[in-house]
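Here are two versions of the same chain, shown separately as structure tokens and labelled structure 1 and structure 2.
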Structure 1
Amino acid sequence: MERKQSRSRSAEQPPIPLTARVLSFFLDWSIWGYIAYGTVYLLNHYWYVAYIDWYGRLTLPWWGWPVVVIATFELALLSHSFGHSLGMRAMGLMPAAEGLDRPALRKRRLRHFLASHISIMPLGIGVWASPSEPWHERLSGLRLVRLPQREEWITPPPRWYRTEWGIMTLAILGLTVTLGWHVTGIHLRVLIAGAARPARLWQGLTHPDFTFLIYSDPWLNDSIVGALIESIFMALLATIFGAGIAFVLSFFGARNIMAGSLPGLIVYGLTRGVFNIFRSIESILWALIFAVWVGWGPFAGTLALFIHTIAALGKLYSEQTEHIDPGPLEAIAATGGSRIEVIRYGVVPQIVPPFLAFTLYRWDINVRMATVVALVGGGGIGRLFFYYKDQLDWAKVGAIIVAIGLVVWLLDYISGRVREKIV
């Protein structure tokens, strides 16, 4: 795409790094591979060709995969030469030639595309031999330069959706939405046609039965209020103990605290890795593990929330520690303060308010999660919820939903007011 700038900067710019060139090309190649995959997937829904397996799915013959690889490679080269490259856009690059009108620029781009086969196809020899100015750029006269800044334009730049890369982005977004529509099995006709089926469910949910709000259900030996109190304490204990351990571990997961030595960086990497791994495992799976370990009940649910709280708050705490003002730390270290004193007097005063806010927010999350962990034996109000759901007693399920909603709203209001005071 032709761009008018106030002055030529192509000669002034430093050479484009080889990594930026390679990454931009492989990103475009991956995008075209994704488009090819999406096209094949959609063909399975709309159109069949000669190569169909026993399950009625479109398959490729033995020569199909090499053709797809070569075709997507060629399309990636076209994208780089003619300005439709999302890879170059992501890396802040663009192909440019100074002082050319549109017909001449198109010829340069075509020459750039043809020369790319000589430079890139034979194992990228033309790029490795001259990383700053590959062979295809020399042969075509079309150089890869940095995108100009907004203030360098004589006239305002075109809207993004009117550019080649913008049109490409919209096309990929449309393909992604279409794929998602079919992968998730969305059928609006089925949704509308089946609207009357859950009528009994809605009838029960909108007419809650509070018979066992205070009095215990003889089958479960518990009431809604009693189970709610159990869930609140599960969340509270998991948050208190989890936040305490996360507070200590967060310093080992902060780069600015652990940097300066190889052992410190190793501890930093291990701590952040533990946070990410434990956080990626949902609380319901932790509850299943602890239910087998310690038996079904609120103890298993509390342990599940406790483990997940350590990982989640440890990640938030450590990231907050990495963004503190380094000035007080440098001042304390310059006066001869030890690492412990730097943390005590330079780090802790800056992180206490956001840490408290994160902790209160995590308590809100744990109250809601205390309902879900009961699905695998975690105890709390969820035990009643899933029991009545299995019995199709939607009126009592509605009563539990109302009670949970009121408790969550009240806790959210209280924690929100407290966060306003401490942040």
Structure 2
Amino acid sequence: MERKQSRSRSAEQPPIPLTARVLSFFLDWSIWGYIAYGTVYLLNHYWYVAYIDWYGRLTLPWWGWPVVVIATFELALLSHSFGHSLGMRAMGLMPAAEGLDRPALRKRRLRHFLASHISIMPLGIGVWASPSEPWHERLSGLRLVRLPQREEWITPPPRWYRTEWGIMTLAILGLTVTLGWHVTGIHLRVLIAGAARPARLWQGLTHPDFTFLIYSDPWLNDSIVGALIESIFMALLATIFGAGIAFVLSFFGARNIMAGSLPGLIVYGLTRGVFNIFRSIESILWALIFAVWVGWGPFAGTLALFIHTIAALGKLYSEQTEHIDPGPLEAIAATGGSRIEVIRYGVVPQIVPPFLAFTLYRWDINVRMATVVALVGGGGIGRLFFYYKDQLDWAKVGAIIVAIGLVVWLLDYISGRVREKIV
């Protein structure tokens, strides 16, 4: 009885901001809305209780929507009155009344719930009218307070799975997974029943045909080894040039280097923004652009990998630079070194080894990406891969997969060993 309320030595507290109240309530309302929608969707899936159109839109009879809105509203009110709902938890709030035993508290919670109907239901009039202590709180004596900070705890809190918000989270998670299962059309039965269908494919892949391993395929004018070398070079050049540019740009994208002046911070923000935008565009899209720009072939693929490498490495480099030990920088500034000397002698020695490791790793990734980039005209081994795939020549595809696998594994192994040495 005592425990639940007096988990903290709550002193007099500043009033809860109105936005926190309103947000927490709407959060709860939408959570209940989501649960209601998901439940109906699932019910429909199994028992056809409602009509869901091809776009996944739920169609209810005319009285259905008000019922859903009111029901979810009631549920949100209930969870607000009876404990720590997820919405309150997210805003760091909880309802509390000092020094009451359980039945009395339950009575207050009920009163809180009922009073909410005259306070919140008519467009929240009781909240707008007195934001610091809304009508329903005044009527029930149950107040919304801040969740106690860790330092204020005097008894351990209940385990998360025994709290209301914990259970709500779990329910949402469960519902989402179940919904996702249906939306993505997962059918285990089909997975098992169809296993024999790609038999010819399996047959081809497991019996690779290495005819054109070294000799050129006359149709493509290229061999597997030749195309692989092309891919590796694509990746190599993209990595080297990309890393060079990323290295220079990374200083502009490191907060600890740029901080101190407003223009510095603006450059920092811009650099990071460019990194993030360019990184979020997949290299295959870049390849599409460059294939039109410079024509199909390895050049387009290299450019695509290059752009993506700048963005990806630039971000990694910048973050690494932000995490260096500031001590040596201070020491070098103290000897009378200029800003650029501080970077040369304080920053660079600290970041070069991890940068090398990142760069090797990136080369690794680029070799793998180089195969995919060919799908839209990037050249390299991928060109052979997609050509044979279109011919349904699975044995040759199998040979390419083996070759790629071997090269990637080898690179991975080597770069892994080298990285171990460096860092």
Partner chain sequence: MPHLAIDHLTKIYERGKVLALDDVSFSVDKGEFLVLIGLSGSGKSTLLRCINRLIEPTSGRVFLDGTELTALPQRELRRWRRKIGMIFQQFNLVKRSTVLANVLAGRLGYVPTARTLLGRFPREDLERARRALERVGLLEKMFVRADQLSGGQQQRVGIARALMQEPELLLADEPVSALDPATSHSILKYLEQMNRQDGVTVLCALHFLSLARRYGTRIIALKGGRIVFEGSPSEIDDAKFKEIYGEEAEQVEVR
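For residue numbers, the reference is structure 1: its sequence is counted from 1. Please read these numbers as outputs of a predicted model, since none were measured by experiment. The term rigid core refers to the most C-alpha atoms you can superpose between the two forms while keeping them within 1.5 Å.
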Here the form predicted on its own is displayed as structure 1
Looking at the two rigid parts that move between the two structures, do L265 and A71 belong to the same one?
-> no
Turn angle in ° for the smaller rigid piece between the two structures | 15
For F25, what C-alpha shift in Å is seen between the two structures once the core is overlaid?
-> 5.7
